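One chain comes next, on its own, written as structure tokens: the form predicted alone.
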Amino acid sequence: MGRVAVTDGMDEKAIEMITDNGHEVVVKHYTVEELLSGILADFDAVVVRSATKLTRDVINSSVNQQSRLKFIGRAGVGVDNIDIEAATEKNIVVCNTPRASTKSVVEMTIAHLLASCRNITTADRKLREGIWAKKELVGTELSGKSLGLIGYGRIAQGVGNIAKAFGMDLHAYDPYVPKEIAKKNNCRLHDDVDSIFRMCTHVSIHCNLTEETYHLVNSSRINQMPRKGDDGIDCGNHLINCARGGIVDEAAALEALESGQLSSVALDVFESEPATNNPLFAHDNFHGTPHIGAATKEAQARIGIEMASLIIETLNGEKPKTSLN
């Protein structure tokens, strides 16, 4: 019988799937101190989301002569909270579930895109304040505008397909994606990220957080955005990030909002989370969500079932084909 630690929650059906296969599941969030004490050494597998950070020190403290830990699962896409190199050195398999939440994050991105251009959150705030701002909240259409996608994986392609249906022109930067994929989707693949900002009034982030992408969206790039769409309409500039916090320089984004270079900023992810006192929150043209892009019932069910299958496969002595190391 294997023991599985679930530190940040998991779908009930997935837990039942694991226990039905004869394994024990312990659902409990551990503090940093507990993690550093080596508490995970008593488990064969651990499943985390974004709240639990499995650093090199945590992983090293979880492995000793009596250690059972052989699997780390990230219930979601981003794995920047797991030191994969340290896990590999300790012969621990690392897996994530990149496909399960794609539809949910696509829909969240489109929701933020529409809310930005039609002033939906600002209108709601003013209504609650008793202000009927019908004349001042004139929005712009997505049709005839250029959408720049930073990263062009599954989620970005999904966003692009919906944006294309709205009549947007698609541009993308992703040095790891073949040009044939972009061509098939009628998307222009750029050779450098700056050209995206020079050509696009709407930019959406869809890449991983790495040393290379940290603060990739900065003042220099924001200031290159054109304000006018291909249709000649002054639609302003709009920035959306439902990928990972830290890719957008939030201080630069706030400065651009204050100067008017950015007409809106919409974030589902933040450099420091939980974000409860971010200076962006005070600006009328900012709207945000608390890292809930993948938080739909459908996505959580898919994530749980996929992760449960990976755990069972590992506990049966097999290495999952989708492992990251």
Ligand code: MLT
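The structure displayed is predicted, hence computed values, not measured ones. Numbering starts at 1 and runs along the sequence shown.
Only in words, not in the display: the form predicted together with this ligand, which the text now covers.
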Response to the item:
Testing 76 to 84, 246 to 254, 158 to 166, 216 to 224 against this ligand in the model of the complex with a 4.5 Å heavy atom criterion leaves exactly one stretch, namely 76 to 84
Worksheet item: Though this ligand is not shown, can you say which of L40, L262, L267, A294 has a heavy atom within 4.5 Å of it in the model of the complex?
Response: A294
Worksheet item: Is S50 close to this ligand in the model of the complex, meaning a heavy atom pair under 4.5 Å apart or at it?
Response: yes
Worksheet item: in the model of the complex, which residues of 14 to 33 put a heavy atom within 4.5 Å of this ligand?
Response: none
